[in-house]
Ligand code: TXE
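In the form predicted alone, a lone chain appears below as structure tokens.
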């Protein structure tokens, strides 16, 4: 489906937002504010409030009251599902507005933003069905005088911290499942990309979500994010971001032993065997490294390729890479947009320089993409990469790919697993036995065979090793936000202890 839109214009002035608590907008008031500078155009596009710890405390109090009085958790699943379905309709009614804000704040191509917003609506529709599927169990094997029940109950107030790379889509992979479980939410979006999360709060309120069930506080991670992960009245925190920040979230959560859901970093292999469809594999490899300008936690940044075809495949990837369109994300023909900030742009360029100094052979790209404004990096390909190099071990989060050759299937598996992460992997081969064997042995939470970065909300997502804890989406994504209760029901007269 063609998701391209006409070339939209830059705003004349930044759009200012308050924040959203207890079903209503809260004005910025005397709080400090932050202007978001478009990473592709170097102009301010939105302004958000920098909330405080006191704002977090108030939002948590509101969410706790909404949970305890059962205004949401006490509703039938069919009624919760109806709200989620209306929210999906609300998203579709505002696709153009949401997609433009997403592109202005993230720097991603407008066609990608539109596809993600439309995809998010579909996730809300799936979660509506999942809400009605949530169930417990009965144990009818305890004898005639005892019946056992296992119920799933909402865990309570959830603190949700979302990242800047897919602010609306990742929100959709969390919020409707948390709501389907019957929980209430205090959400902190990235300070770089807050606008679409704020609008989603408005859409949910208009869809009939009771006041206080979904609250959004904006601001900096060091104050607002830390306050959420530490808060004693938040029962669970869900965090998506870097492994280093996830580690700090684990430490901060210890105060009340809150449950954590973490989707963290990745250093994901694209494993290409000699018997693969090389044209198709090359296209998939480039898509995986360039999608969202490489700022994608499940994107491929290690090309693990069978040595007998390494030279041929390198030339094929190089030729295709030269055709990738980098530039203004408001142009519907653009495929690769901007890096999120000048600092991140410099970090990615620093990794590229590190790769050169470490002895990797630069095949393509290697510098800042030509543009009068914005933060753009050329999609970059290295060969002669060894597994001890930083570009082969550390998450770069940019459009940088290193080629690592292998001789045997066993070596390919060993290279794929030889990092601290285990978020995703792609396997390219036409041999089904080989594909299944490698899939079973590569330690990654999401694995694709002859495809990459695809799938819908029906299946769970999450990582192994230092890529995180827990699972989102699918029925697993609803169960993640529940607690299990065992109940024994005595039937008839209980045998007395004291006669």
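Bear in mind the structure is a predicted one, so any value in this text is a computation, not a measurement. Numbering follows the first chain given and starts at 1.
The form predicted together with the ligand is left out here; the points below concern that form.
Screening 165, 195, 253, 380 for any heavy atom within 4.5 Å of the ligand in the model of the complex leaves a single hit, 165.
For the residues 202, 118, 191, 384, the 4.5 Å heavy atom test against the ligand in the model of the complex is passed only by 191. The stretch that touches the ligand in the model of the complex, counting heavy atoms within 4.5 Å, is 239-247, out of 329-337, 239-247, 97-105, 412-420.
For the chain shown alone, residue 395 is a contact residue for the ligand in the model of the complex, at least one non-hydrogen atom being within 4.5 angstroms. The ligand is not drawn, but in the model of the complex it has a heavy atom within 4.5 Å of residue 297. When contacts are judged by a 4.5 Å heavy atom cut-off, residue 221 counts as touching the ligand in the model of the complex. Though the partner is left out of this view, residue 315 does not reach within 4.5 Å of the ligand in the model of the complex, counting heavy atoms only. Site residues 181, 259 and 457 are none of them in contact with the ligand in the model of the complex, judged by any heavy atom within 4.5 Å. In this stretch, 424-461, not one residue has a heavy atom within 4.5 Å of the ligand in the model of the complex; the partner itself is omitted from this view.
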